[in-house]
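As a starting point, one isolated chain is supplied in structure tokens, in the form predicted alone.
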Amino acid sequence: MRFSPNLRRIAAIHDLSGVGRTSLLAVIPILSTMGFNVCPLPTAILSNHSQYPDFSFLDLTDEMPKIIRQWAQLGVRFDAIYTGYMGSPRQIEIVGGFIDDFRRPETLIVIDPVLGDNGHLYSKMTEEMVCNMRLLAKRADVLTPNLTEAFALLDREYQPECTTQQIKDLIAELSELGPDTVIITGVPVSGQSGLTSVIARSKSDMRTWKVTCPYLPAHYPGTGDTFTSVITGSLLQGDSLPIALDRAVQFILQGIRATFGYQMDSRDGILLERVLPILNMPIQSASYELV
């Protein structure tokens, strides 16, 4: 008798950077550790991620449809489709078609709309990119913008400080685009510069959850990819939304703490290798709150 392990597959649509724990170099180890078969659909290959001053860049836009056609011929099925950084409107269109063709009723669609941060769009993010990302967001089950991206998707002027009610209103507006669950990351805590928070709501539940954690004075690329990867794996494992939020926030916090004490180039990202085992530990405590 042939044994076939029931491993669930995730299509991960991100770029691949050889140096720096971002995008696929974060997505694959995290979701593999959580027990999933990660099938990468790379959007580009870089020598190192773009927050270094120089890097080589190979655009894979023309290769993406070839990979997708081959997967279709193989009859590959995915339990989740998870998208991250895309470099052109054409790539967003390709990914939209891929989701339409491969989605099944039970497929979880997670879209991280990588557009900008700290109140500014990234250098290559044109208005056309924002418009196309807005259309892609309509296909999401789970949408994970940071505060900058949330305002961009709604075509509204960025506000660096928002009340909890204003964030809830943003989430409600984003939900109207189509996603069931919207998670806004990097939300400052009013009057407490040493704290940051994540706020989320699911239309099917109608409750809003908040997880607050200390803000450490260090910037590590790839934390957004890390956060959404843990969210994706946690939801596929059957965790509730607040538990998924807690797991993702705590994992990043532990990763930053494991990295912060070393004198290393912060552009290398957090030391995932030191903290991956945490993903398979039982939940010790939860810090989420209902708001």
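Residue numbers here begin at 1 and follow the sequence given. Keep in mind that this is a model prediction, so the values were computed, not measured.
The protein also exists as the form predicted in complex with a small molecule; that form is not presented, and the subsequent description refers to it.
**Q** Just to confirm, Y122 within 4.5 Å of the small molecule in the model of the complex by heavy atoms?
**A** Taking the distances in the model of the complex, the answer for Y122 is yes, it comes within 4.5 Å of the small molecule.
**Q** So in the model of the complex, is the small molecule close enough to A150 to count as touching (4.5 Å, heavy atoms)?
**A** No, no contact at 4.5 Å.
**Q** Do I28 and the small molecule come within 4.5 Å of each other in the model of the complex, heavy atoms counted?
**A** I28: no, not in contact with the small molecule in the model of the complex.
**Q** Closest heavy atom of N37 to the small molecule in the model of the complex, within 4.5 Å or not?
**A** N37: no contact with the small molecule in the model of the complex.
**Q** Tell me the stretch among 66 to 74, 257 to 265, 239 to 247, 47 to 55 that has any heavy atom within 4.5 angstroms of the small molecule in the model of the complex.
**A** That would be 47 to 55.
**Q** Could you check which residue among F78, Y85, F98, W209 gets a heavy atom within 4.5 Å of the small molecule in the model of the complex?
**A** Of F78, Y85, F98, W209, the residue with a heavy atom within 4.5 Å of the small molecule in the model of the complex is Y85.
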